[in-house]
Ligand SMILES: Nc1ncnc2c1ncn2[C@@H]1O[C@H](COP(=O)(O)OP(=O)(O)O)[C@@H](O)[C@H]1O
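Single chain ahead, by itself, as structure tokens, in the form predicted on its own.
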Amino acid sequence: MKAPLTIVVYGKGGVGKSTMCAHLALTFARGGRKVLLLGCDPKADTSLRLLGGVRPATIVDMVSGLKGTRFSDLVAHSRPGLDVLETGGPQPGQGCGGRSVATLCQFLEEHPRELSGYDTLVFDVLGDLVCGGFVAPLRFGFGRDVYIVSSEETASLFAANNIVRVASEPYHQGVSVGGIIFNLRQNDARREVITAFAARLGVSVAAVLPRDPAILEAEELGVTVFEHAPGAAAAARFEALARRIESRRGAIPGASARPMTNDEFRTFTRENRAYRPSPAVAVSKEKRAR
């Protein structure tokens, strides 16, 4: 039996990772796949735009005794071919979100029959890999292909480098780094810099997605771009990205990537500026130089 397509998506908080995962999961389902979207963010917001804003049951609800322990008690049905399962998390300051992700992975291990009904798994995982719990999909062997969502901002690139570093650890056997999905904050960002960043890490650029008003409007309405503006360029970009992910399964073994040390990263960002300075900033620099 062919192993399911399993992608684990990481990225710094606020970079658009959950939006990316929801749209990719829906794109795969629209293409005829049976998809399980696994939200591993304590906010449990991965599936909101897929469930009409209704909060689904979570793994934390199960642990707290608020829901049953059966697979069917926790899985919510969004669209034909697309189900969602949210980890949830504790109240701020009252627990460990990473532990909840590990509990999710244990739950999946205990339900192999139900899991075998899916041919595609999409994990949406918070990018703070300081906590080992967020690496659970890789440690438990669910993670096959890691994708990183990053903007051109320095803090986001720093997180991306750390994620490549984790995926490259020898104890994560079988993990591949599928590439970096650049979700731009500014559409005039220097694309040659982000291309150089990916090349420096030895991974590919999976996509460069410009900031698109159609996605921002869909977010405000609590829906996906497929409902809000199905003919928009953004919808076609998600479809192209899904095709690329399917075609590159296991393309770049994690052990082949070349993450930077922190010192190397700082040197890279000093020598490569992702932003073009505004005219006012450029004039100010020129005056100081005089």
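In case it trips you up, residue 1 is the first one in the sequence shown, and so on. Predicted model only: the values in this text are computed from it and were never measured.
Heads up, the form predicted in complex with this ligand isn't pictured, but that's what we're talking about next.
Not one of L5, H172 and G174 is positioned with any heavy atom within 4.5 Å of this ligand in the model of the complex. With a 4.5 Å cutoff on heavy atoms, R190 does not count as touching this ligand in the model of the complex; it lies far away. Among heavy atoms of D212, some come within 4.5 Å of this ligand in the model of the complex.
The shortest heavy atom separation between T19 and this ligand in the model of the complex is within 4.5 Å. Looking at L216, you'd find a heavy atom of it within 4.5 angstroms of this ligand in the model of the complex.
D45 is the sole member of E264, E227, E246, D45 with a non-hydrogen atom within 4.5 Å of this ligand in the model of the complex.
Of the listed positions (S156, S100, T120, N183), a single one reaches within 4.5 angstroms of this ligand by any non-hydrogen atom in the model of the complex, namely N183. The stretch in contact with this ligand in the model of the complex, judged by heavy atoms within 4.5 Å, is 216-224, chosen from 108-116, 216-224, 160-168, 197-205.
Residues from 48-67 that approach this ligand in the model of the complex with a non-hydrogen atom within 4.5 Å are limited to R49.
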